[in-house]
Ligand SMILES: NC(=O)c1ccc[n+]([C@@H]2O[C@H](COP(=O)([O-])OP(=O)(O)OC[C@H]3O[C@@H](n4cnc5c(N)ncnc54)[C@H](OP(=O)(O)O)[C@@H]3O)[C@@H](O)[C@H]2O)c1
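Only one chain is shown below, in structure tokens, and it's the form predicted on its own.
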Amino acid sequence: MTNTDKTILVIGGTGMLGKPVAQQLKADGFKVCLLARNPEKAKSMLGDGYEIVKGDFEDAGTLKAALAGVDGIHISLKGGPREKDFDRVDHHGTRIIAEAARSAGVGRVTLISAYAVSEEKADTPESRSKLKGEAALKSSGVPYTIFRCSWFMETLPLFVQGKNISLIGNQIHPLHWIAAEDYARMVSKSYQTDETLNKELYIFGPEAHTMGEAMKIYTEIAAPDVKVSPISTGMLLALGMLSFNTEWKSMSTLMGHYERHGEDGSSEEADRLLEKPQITLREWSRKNQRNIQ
């Protein structure tokens, strides 16, 4: 069966990391279907050439309709910021989709996860929910591939507020930053080989930088008017509580998690099966320079 004979459903295909996967699958000849609450928005973001089913993973009827004739499903969902939302999306969302995939006879499901997901590191609502989601997928009986990714370069601009980029917490661990473009290529390639089935693959970029180092590289190249501004996780939590800002409180918890946990997996198998990522942070930053007035 060639790529053009396969249909891949992308759930979360309008998100920061789901969109490039959908685009890469299409570029590689797959038929790509999206499940989207707002089809018009999805079409405006991705253009023509995609089948778009209106619906939501929590709506059994629309999920069943989207699964008709599908050979694979890529799950790119993100819950939060409240604990119940992480559980609803990262845990139960994955379970619901995996069970529906099994019933529909789907050939494989791929899932984005994170490098610090394990029994030993499940110390936040997000990490616990991701771990439960992984377990639900693995126990569903559907062939799977789980991508345990390091930090994405695309997240760096999200830390920018005005003329500052917030370095939250004591981030001492070297991280292999990855570009979404490389990741999307690897996801698409996983659908072209059975060697990736029933595996958890660590996806690491070509170079390691601490978060502070990465922010310095990014700002020097892409946003020279922005300076790195450290803030402790405790201070961010206090500000979040005082202002009733749920996002700040959730971010404090998230960054506290990464203060404690560095990379301890190996990307060797993923690099062998899916070709090692090539885009460096400096290359990515040059391509994503901000418009400076």
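Residue indices: 1-based, along the sequence shown. Since this is a predicted model, take the numbers as computed values, not measurements.
There is another form of this protein, the form predicted in complex with the ligand, and it is not shown here; the text below is about that form.
Remark: none of the three candidate residues (Pro125, Leu237 and Gly240) comes within 4.5 Å of the ligand in the predicted complex, counting heavy atoms only.
Screening 214 to 222, 136 to 144, 102 to 110, 152 to 160 for residues having heavy atoms within 4.5 Å of the ligand in the predicted complex returns a single hit, 152 to 160. For Ile279, no non-hydrogen atom is located within 4.5 Å of the ligand in the predicted complex, even though that partner is not displayed. Though the partner is left out of this view, Leu273 does not reach within 4.5 Å of the ligand in the predicted complex, counting heavy atoms only.
When the ligand is considered in the predicted complex, Leu131 lies well away from it, no heavy atom lying within 4.5 Å. Remark: Phe57 counts among the residues lining the ligand in the predicted complex, judged by a heavy atom distance of 4.5 Å or less.
Along 71 to 93, these residues reach a heavy atom to within 4.5 Å of the ligand in the predicted complex: Ser76, Leu77, Lys78, Asp90.
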